[in-house]
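One chain is shown next in structure tokens, namely the form predicted alone.
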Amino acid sequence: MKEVPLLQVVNISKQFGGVRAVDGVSFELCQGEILGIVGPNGSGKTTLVNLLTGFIKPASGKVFYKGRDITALAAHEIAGLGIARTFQMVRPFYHLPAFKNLIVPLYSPRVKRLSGGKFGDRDAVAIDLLEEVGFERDSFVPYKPASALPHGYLKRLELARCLALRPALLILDELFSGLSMAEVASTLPVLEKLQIEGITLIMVEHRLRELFRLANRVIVLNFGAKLAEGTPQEIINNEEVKEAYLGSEAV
């Protein structure tokens, strides 16, 4: 019997006024894969992420997670099933210390269920997670308010908040945006480790060189529709993709 995909997206579409932001996109995702989603600005990447995570509802089409139709579920219900996402524009609790930003997901019903109701010392768990994504454990940085953190740390904080939910599927919306080469280089092993641990990743990215190092498969969007799908090498060699997007990229 064929294994049920972790995620199945069937002909999903969304229109804003006269603009078809996502136009009949379909794909499947198996557990443990890293799927890259790329395309020019305005091609529908973030809209697709919002559709997958319940922040907006599709005009047509379906989204299935582990065989269950989640199309009509609210964002918090989808998160409770184990689908976590970062935001292109970071959204921390600016007034709270960095480690306290993780307390909300650590108190979530999902974490309570997975831990058998035994949360342990959540502050210590939060510090452990921040260290995992690149915060210096023995420095004052984890205790600084989020408003005092530079952009690179805020991006890592977004990632840590997702990991606090103990997700099965993690959707990263331009995690590398605004990061230095050194910051990206230090983040790549973190993502590779997550894949080894069995977490499935969808990565929306413009940093193609780094994305193609990680991704098993890549989908290219253009004007809301799926232009191409394949391995990173197949995408690099695709003439339609080169014309629409990759011609200006040094891959």
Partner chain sequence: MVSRRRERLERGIKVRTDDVYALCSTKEMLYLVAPRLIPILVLLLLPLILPTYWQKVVIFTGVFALLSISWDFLYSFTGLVSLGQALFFGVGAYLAGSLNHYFDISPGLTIPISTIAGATLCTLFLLPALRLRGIYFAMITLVLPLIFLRIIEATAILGGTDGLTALAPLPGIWIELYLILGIMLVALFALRRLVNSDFGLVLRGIHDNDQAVKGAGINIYWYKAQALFIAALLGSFAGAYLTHVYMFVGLSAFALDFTVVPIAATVVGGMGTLGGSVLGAFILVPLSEVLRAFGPLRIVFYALLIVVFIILKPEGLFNYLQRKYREFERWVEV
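Note that the structure is a prediction, hence the values are computed from the model and not measured. Numbering follows the first chain given and starts at 1.
Although not depicted, the form predicted in complex with the partner chain is the subject of the following passage.
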| remark: For the partner chain in the predicted bound form, the stretch among 148-156, 105-113, 130-138, 175-183 with residues bearing a heavy atom within 4.5 Å is 105-113
| Among 80, 93 and 96, does every residue place a heavy atom within 4.5 Å of the partner chain in the predicted bound form? | yes
| Is there any non-hydrogen atom of residue 166 lying within 4.5 Å of the partner chain in the predicted bound form? | no
| said: Contact with the partner chain in the predicted bound form for residue 223, defined as at least one heavy atom pair within 4.5 Å: yes or no? | reply: no
| Could you tell me if residue 55 has a non-hydrogen atom within 4.5 Å of the partner chain in the predicted bound form? | yes
| query | Should residue 144 be classed as touching the partner chain in the predicted bound form when contacts are defined as heavy atoms within 4.5 Å? | reply | no
| Judged by heavy atom distances of 4.5 Å or less, which residues of 213-236 approach the partner chain in the predicted bound form? | none
